[in-house]
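Shown below, as structure tokens, is a lone chain in the form predicted alone; questions about how it binds or moves come after it.
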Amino acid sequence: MDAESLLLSLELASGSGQGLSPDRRASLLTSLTLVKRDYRYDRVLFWGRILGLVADYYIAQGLSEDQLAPRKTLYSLNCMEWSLLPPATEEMVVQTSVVKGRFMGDPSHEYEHTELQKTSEGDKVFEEEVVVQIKEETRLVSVIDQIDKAVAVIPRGALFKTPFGPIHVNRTFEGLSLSEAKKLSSYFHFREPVELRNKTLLEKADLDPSLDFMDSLEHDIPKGSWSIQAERGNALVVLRSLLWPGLTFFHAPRTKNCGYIYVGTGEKNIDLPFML
């Protein structure tokens, strides 16, 4: 959700139980304005909160003028002091995939994982146990990246692609109609397209290249991983991810008000295919 309309966005997302105390809201409004100025971002999004056993991580993201360019991610434990996180790599995702359970809430905390490594002496091959230490900060980077790639959402038309390549915020976007807002095909993944590149020219024939340049939610696997509901007498449409419980996207039809927030433990629901 955009930091400039933080209070309204938090109010719209509050139906899922995602709320912040008044002092946290005041701290975020002030500190995110300073983050935008100091780091010279085009936009700052309040991404959400990852719940830890000792403390919670508050996450924000800075966007450049090109909306699909790699985002800078920051975290805070008190909503006032923000620290920049390194970009996620494939190696990080693989390394942290072995860590299970809740976050502690301490970035310097180290998880211990025992691996079996093969060593050879002459013709003999031995297996020895090696203890690998993984920092919680690395796991935090990996989980945020996975959630962004899997369930970050934006409505169709909110961004547009210029003929020269960069993607900008569509200033003329006035929201989806109510009938469109109730369809999963009206929402896209807020990231570089993956499935779109595999489509044939015939499948792309009906797409508008300036608007339909991202992957649609309707083709997500497993099918049924999104819950879509109209609330407040059809004045608000809410999408909830069942794959990453805690991710809520909201959109008020015929208005520009839309955004997503994640408030959860940072754990993926890997049992979802068996629950549908």
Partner chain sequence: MEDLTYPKQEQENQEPGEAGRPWEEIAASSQDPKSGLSEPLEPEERPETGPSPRSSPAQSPRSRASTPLDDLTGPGASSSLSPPQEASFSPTLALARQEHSDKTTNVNPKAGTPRSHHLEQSSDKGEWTAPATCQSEGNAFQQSQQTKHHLYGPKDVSDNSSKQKELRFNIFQEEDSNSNYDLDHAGPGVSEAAPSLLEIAIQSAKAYLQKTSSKSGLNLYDHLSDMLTKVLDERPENAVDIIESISQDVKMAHFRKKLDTLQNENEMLPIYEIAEKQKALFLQGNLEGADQELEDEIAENSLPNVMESAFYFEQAGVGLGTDETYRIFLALKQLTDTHPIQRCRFWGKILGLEMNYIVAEVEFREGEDEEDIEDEDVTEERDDGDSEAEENDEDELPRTFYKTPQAIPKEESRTGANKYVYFVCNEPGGPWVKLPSVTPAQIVTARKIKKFFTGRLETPIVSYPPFPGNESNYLRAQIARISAGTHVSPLGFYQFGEEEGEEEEEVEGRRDSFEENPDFEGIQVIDLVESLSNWVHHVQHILSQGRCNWFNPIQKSEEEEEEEDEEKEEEKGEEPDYMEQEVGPPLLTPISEDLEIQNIPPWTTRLSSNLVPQYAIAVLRSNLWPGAYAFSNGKKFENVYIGWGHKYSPDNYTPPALPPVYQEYPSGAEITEMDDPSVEEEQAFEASREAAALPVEEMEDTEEDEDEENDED
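From a predicted model like this one, the values you see are computed outputs, not experimental measurements. Numbering follows the first chain given and starts at 1.
Note that the form predicted in complex with its partner chain isn't included here; everything after this is about it.
Chemist: Looking at 63-71, 38-46, 214-222, 228-236, which one sits within 4.5 Å of its partner chain in the predicted complex if you count heavy atoms only?
Modeler: The contacting stretch is 228-236.
Chemist: Any of the heavy atoms of Lys124 lying within 4.5 Å of its partner chain in the predicted complex?
Modeler: Judged by the heavy-atom cut-off of 4.5 Å, Lys124 is well away from its partner chain in the predicted complex.
Chemist: Just to confirm, Ser5 within 4.5 Å of its partner chain in the predicted complex by heavy atoms?
Modeler: Looking in the predicted complex, residue contacts with its partner chain do not include Ser5, since no heavy atom lies within 4.5 Å.
Chemist: At the 4.5 Å heavy atom threshold, is Ser14 in contact with its partner chain in the predicted complex?
Modeler: The answer is yes: Ser14 has a heavy atom within 4.5 Å of its partner chain.
Chemist: Should Leu178 be classed as touching its partner chain in the predicted complex when contacts are defined as heavy atoms within 4.5 Å?
Modeler: Looking in the predicted complex, residue contacts with its partner chain include Leu178, since a heavy atom lies within 4.5 Å.
Chemist: For a quick check, can you give me the residues of 252-272 that have a heavy atom within 4.5 Å of its partner chain in the predicted complex?
Modeler: Heavy-atom contacts within 4.5 Å come from Arg254, Glu267, Asn269, Ile270, Asp271, Leu272.
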